[in-house]
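Here you'll find one protein chain in two forms, each presented separately as C-alpha cells under the names structure 1 and structure 2.
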Structure 1
C-alpha cells in the first residue's frame, strides 16, 4: 500500500489550512504506517511555477510549509516528506507521459478553464499541462491510493487514463509499467470562514490579521481574536436549524466541532440559550489547548533553515530511490536508449 499526496507551498498558514488538509495528512500517516503502508507527502513547488510567483517567496513558503507539517504531526521518520524540485524524476516522467496524454483530455480539465480564465492565450504551458505533472507525481511511485477532494477527482481520473493508455500501448498485460491508483475520499474537512465575515473563507490574503487564527499565534493572540470574532446579538440556538442565516454563529460552532470532534447537535445542546460571551471563552480555551503546542514548535522550527533543509534532503533521497525503477521502466518501454 502506498499513498501519495501533494500540497502547494503557501505562507502565513492558518487554522483553515490545518483543518482543511494538514490534519488529514497526519491521520493518514498514523493509519497507513500502522498497517505497513508508505506515505509520500510532497511540496508541489514545480506546480507553483505554473502561475506568476516571486521566487524568494516560493523558497521561503516551501520551508515554512515543511515546518508547519512537522509541527502538526507529520513525522519525517515515518512518512517521506520532500519537495518536487529535489526529485527531477517528476519532471522527467511528466515529459515522457506528454506523449501519451491527449490535448482533448487536457482541454476538458475544469481547473484549467477556471485558472486560465478568458485569457487562455496568455496562460503558461505549465498551467495547461499541470494535470500531466500531477499524473507523474503519483504514477512515479506506483501509488495505490491518492486522497482527493471534489476539485481533484477529474485529475486523478486523468492520471488513471494516462496510465491505462501507456500500459496498453507500451507494456504487456502481465507486466504493466504503471499501477492505476484508487481514490481515497478524506473525511469532509470543516469549511473554516473568516472571523470577521462568516460569508468569506478564512484566508491569508485578508488584510485583517484578526480575520484568521494563524498557526504562529500564541495563546494570548488566540484568546484576543476569538474574543473579538464577529457574532450576532442572538443567543446560541439549541438545534442546528437555528444556525440558518447566522453565518458567524455557524462558523464559530463549526470550528468548535472540528477541533473537539463533537457533533454540532451536542455542542448546541450544551451551550443552547447562552450568549457568545459564554461560548467564546470555551472555544478559545479549546483552540489554545490544541494549537498552542503546535504553534510553539512551528515558531521555533520555521526559523531553523538548516533543520528544514535537512528534512527535505532526507525525504528527497528516499523519494529518488523509490522513483528510479518506475522511471527506468518508462524509458525502456518507450524504446529510449540510455547509457
Structure 2
C-alpha cells in the first residue's frame, strides 16, 4: 500500500477539506502504517502558483497548513509530510509526462474550465497543465490509493490515463513504469457544499467566509455560521427521500451524519417534522465539540516555525529518496541519456 495525497496551502483548512479528505488521510495512516504501508501527504505549493498569489502569504500558509494537518492527526513520525517545493522530482516528472498527456484531455478538465472561466487567454499555463503535475505527484511514488474529495476524481482519472498511455508507449507489459492509482472518496462526505449555496462546493476561494466552517473558527463563530446557513422554509423530512431537491437541507444533514457517524435515516427519524430551529444548534454543538481539540492544538503549533520547518525538511528528505527509482525509470524509458 502506497497512499499519497495533497492539499493546496492556499489558506485555512475548512470542513470540506477535513471531511472530504484529511479525516481519511488520518484513518489510512492509522490503519496502514501499522501494517507496513507508506503514507505520503504533501502541501501542493507548486500547484498554488497556478493562480495569482502573494509570495509572503504562500510561505505563511504553507507552514500554517502543516500545523493544521498535524493538529488533525497526521503524525510526521508515521507519515511522510512535506511540501512539493523541497522535492524537485515532482516538477521533473511533470515535464517528462507532458510528452504523454494530450491537450484534448486537459481541455476536458472541469476545474480548468471553471477556474479559467471566460478568460482562457489570460489564464496561466500552470493552471492548464496543473493536472499533469497532479499526475506526477502520485505516479512518482507508485501510489496505490489516493484519498480525495469527489472534486478531484477527474484529475485522478487523468493520472490513470497518463500512466496507462506511458506504460503502453514506453514500457513492456510485464514491467510497467507506473502503477495505476485508485481514488478513495468518502461516501458520506464526498462533496461538502457551501453554507450559503447548496449548489456550490465549500471552498477556500469563496469570497464569503460565512460559506465555510474553518478549523480556526471559535465556538461563537461556528454557531453564527450554522444559524445563518441557508435553508428552505419546509420542515426537516422524516425520510431520506424527502431531501431530494433540497440541496441546503441535504448538506446540513450530511454534515451532521459525517461528523456524528449516525446514519441519515436515524438523524431524520429524530429531527423529522421539526423546523431547522432545533437542528441547527445541535449541529453547531457537534461541530464545536469535534473541532475544538484540533483547533486548540493548531493554535499552539502554528507559532512554532522552527518545529514546522523541521517537519517539512524531514519529510522532504524521505520523499526525495522514495522518488528516485521511478524518476530514473522514467528517464530511462524515454531514452534520455544522463551520463
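The model shown is predicted, which means the values in this text are computed figures rather than measured ones. Positions refer to the first chain, counted from 1. Here the rigid core means the biggest group of C-alpha atoms that line up within 1.5 Å when the two forms are laid on top of each other.
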Review point. Pick one: is 1 or 2 the form predicted together with tryptophanyl-5'AMP (TYM)?
Key: 2
Check your understanding: If you line up the core, does residue 53 shift 2 angstroms or more at its C-alpha between the two structures?
Key -> no
Check your understanding: Would you say residue 10 moves its Cα by 2 Å or more between the two structures, aligning on the core?
Key -> yes
Check your understanding: Any CA movement of 2 Å or more for residue 291 between the two structures, core superposed?
Key -> yes
Exercise for review: Superpose on the rigid core and then read off how far the CA of residue 19 has moved between the two structures, in Å.
Suggested key: 3.4
Review point. Superposing on the core, what C-alpha displacement does residue 276 show between the two structures, in angstrom?
Key: 9.1
